[in-house]
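One chain follows as structure tokens, the form predicted alone.
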């Protein structure tokens, strides 16, 4: 059986960057499942489809083909043959992804693809329903979080590095709205799995966060 690690948590918790580092240290792949939902959101925006419109989103899904490649160990998200890795990291796409991801048909399609990928390789998956839906039997489940203000600060700094000058107050407001939507959607809401270990990185350095997760993994898998 391949090594499977499930990491869930709210927006801005650092799941993607921390998971990248953990996977690299362990010598396994990292699947950012949020990137797959972002690609769905991007498709809907490009097609002028309101991601809040369940019927139109569901009708468009057969035309959405999302695949994942790995180049030098890094995930490349491909939408209908186009590498959209760098195009899906905007606030607009993030909001569209959050809206579209609440629909059952979208989640079924993405979950199926994620489970298939996880069955074929030693891999760490991060997202919002990995431990509760995608990899329910994973030996390692972690719920990664930090307080809202800290998560907003990190996202604000990340945005500035990417040329996005959205004020911190606006980033915090949008983050809280995203938390509300993710935690209260009917299908696969964000929550900590009963057997997941909580890792709160508020006040922790990046390296401390990585080490905390690696310690959990090694406790489960030995000298992984």
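Fair warning: this is a prediction, and the values are worked out from it, not measured in the lab. Numbering follows the first chain given and starts at 1.
The same protein has a further form, the form predicted together with a small molecule, not shown here; the description that follows concerns it.
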Would you mind picking the one in 79, 123, 97, 144 that has a heavy atom within 4.5 Å of the small molecule in the predicted complex?
-> 97
Answer option from 89, 136, 109, 153, heavy atom within 4.5 Å of the small molecule in the predicted complex | 89
Answer among 34-42, 193-201, 165-173, 66-74 for heavy atoms within 4.5 Å of the small molecule in the predicted complex: the stretch 34-42
Partner proximity in the predicted complex: residue 178 to the small molecule, non-hydrogen atom cutoff 4.5 Å = yes
Considering only heavy atoms, tell me if residue 30 and the small molecule come within 4.5 Å of each other in the predicted complex.
-> no
